[in-house]
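Only one chain is shown below, in structure tokens, and it's the form predicted on its own.
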């Protein structure tokens, strides 16, 4: 048998084998699996954006509640949407100073509340009192000596609140619920 006739025979056999593959079944299954992955991704997006998500929180402003090197926390996004944030809640909010940044602070006053705060704790204990306007909240970091908060940028519009931190996932030694705490001023 010549080399050319063997090649033709091989090609004919390959064509028969390829022709016997159930391409319709394979393509239907591929489409089904792709749709399943797309549905799962959409479901995960909705849960992450509107129900609960994880966030990395780091920095000195929430010491000792949050670690300086970073905590991973679970964020309840429903509370902020329903308007049920309470005084003492730790919230994630879009920074009024830099909209690209998300900050974590504790709510110390809701609309209509009179809030007394220390103006500059580095220079003494001079305090001021103000009433939080309608549609705003007063937020402060737990570490008043190293926090940029409502003392610098004033009351924060309620619409900037993205969610309420309710559970510390990481590090393991801090694993558990993040409780409400109202700091005395």
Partner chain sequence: MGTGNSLWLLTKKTLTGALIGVTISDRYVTASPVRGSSMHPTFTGSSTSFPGSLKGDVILVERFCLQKYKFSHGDVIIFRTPTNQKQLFVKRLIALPGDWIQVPESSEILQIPEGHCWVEGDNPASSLDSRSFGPIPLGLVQGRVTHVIWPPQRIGQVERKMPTGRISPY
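Positions refer to the first chain, counted from 1. This one's a predicted model, so the numbers in the text were calculated from it and none came from an experiment.
Another form exists, predicted in complex with its partner chain; not displayed. Remarks below refer to it.
From the candidate stretches 45 to 53, 139 to 147, 119 to 127, 59 to 67, select the single one in contact with its partner chain in the model of the complex, where contact means a heavy atom within 4.5 Å. That would be 45 to 53.
Checking a candidate spot here: are 88, 171 and 177 all in contact with its partner chain in the model of the complex (at least one heavy atom each within 4.5 Å)? Heavy-atom distance to its partner chain in the model of the complex: none of the three under 4.5 Å.
Can residue 157 be called a contact residue for its partner chain in the model of the complex at 4.5 Å between heavy atoms? Yes.
Does residue 99 reach its partner chain in the model of the complex if we count a contact as any heavy atom within 4.5 Å? Flag for residue 99 set to yes.
Can you work out whether residue 39 and its partner chain are in contact in the model of the complex, taking contact to mean some heavy atom pair no more than 4.5 Å apart? Yes, contact at 4.5 Å.
Might residue 77 be said to contact its partner chain in the model of the complex, defining contact as any heavy atom within 4.5 Å? Heavy-atom contact with its partner chain at 4.5 Å: absent for residue 77.
With the partner left out here, which residues of 128 to 142 have a non-hydrogen atom within 4.5 Å of its partner chain in the model of the complex? Residues within 4.5 Å: 134, 135, 136.
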